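In structure tokens, one chain follows: the form predicted on its own.
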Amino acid sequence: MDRRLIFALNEARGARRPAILITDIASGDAHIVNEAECADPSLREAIAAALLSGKSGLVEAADKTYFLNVHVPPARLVVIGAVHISQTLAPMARLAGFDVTIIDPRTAFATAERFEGTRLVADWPEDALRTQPLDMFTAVAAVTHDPKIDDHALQAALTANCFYVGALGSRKTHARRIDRLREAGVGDAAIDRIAAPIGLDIGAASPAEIAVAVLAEIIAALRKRTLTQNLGEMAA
């Protein structure tokens, strides 16, 4: 493989950007595209579908055969709040293949004893997210019930176009949250993307059951992203 292509793939991997190495089977010519680049309109839909599935394979387009070698960042879950729900959610999410980080400035909660094997950041979200920015392959679940901790993380998640943004709280709590986000300049279309009350409606009652509902909703958001959404992101 051309060294420049290897460097480009490594750069994309380091920046958590998706990239596809496209090889013309007949000629051997190869080039790289990401979610915002698709010079060949005949490959546009195939590239979007590949980004959505994360699977490599052969495609036919304009009487040619191409191999799409897909490099998609691993899905990540950032949980805002080292609470009881998080104690169940973190290990389940790791088993489901997510890279998990928990952010909570309250050091009495964010302890290694309570979250063995999980990456903990005992800092305010606005500080923590400067060094580990969010992206479209990240899910954010805000579960502290404290607007001083949750609100900034929610705004950052919406700005980064995270594939899932959820927030714990009743409908009344979320109504007050909406007022705060509007005052902070967040538009209604972005606010509508927040899953609140968080988690699938399975009648969950205990923290562990809520964690199950949240993880199920996150997986659904990851696997059921629409092709139209991906095409829109590519054209942005």
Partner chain sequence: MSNGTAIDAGDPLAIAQGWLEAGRQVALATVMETWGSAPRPVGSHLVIDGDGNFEGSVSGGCVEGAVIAEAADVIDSGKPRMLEFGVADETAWQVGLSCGGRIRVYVERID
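Basically, rigid core = biggest C-alpha set you can superpose within 1.5 Å across the two forms. Note that this is a predicted model, so its numbers are computed, not measured. Positions refer to the first chain, counted from 1.
Keep in mind that the form predicted together with its partner chain is missing from the display, and what follows is about it.
Among heavy atoms of residue 220, none comes within 4.5 Å of its partner chain in the model of the complex. At the 4.5 Å threshold, heavy atoms of residue 213 stay clear of its partner chain in the model of the complex, well away from it. Within 4.5 Å of any heavy atom of its partner chain in the model of the complex lies no heavy atom of residue 120.
In the model of the complex, no heavy atom of residue 126 sits within 4.5 Å of its partner chain. Residue 58 is the only one of 208, 61, 58, 178 with a heavy atom lying within 4.5 Å of its partner chain in the model of the complex. Here is the short version: of 41, 28, 203, 187, the single residue with a heavy atom within 4.5 Å of its partner chain in the model of the complex is 28. In summary, the region of this chain contacting its partner chain in the model of the complex, judged by heavy atoms within 4.5 Å and restricted to 109-117, 91-99, 162-170, 146-154, corresponds to 91-99. Contacts with its partner chain in the model of the complex, taken as any heavy atom within 4.5 Å, map to no residue of 166-192. After superposing the rigid core, the C-alpha of residue 170 moves by less than 2 Å between the shown form and the other one. Once both forms are fitted on their core, a CA shift of 2 Å or more is seen for residue 59 between the shown form and the other one.
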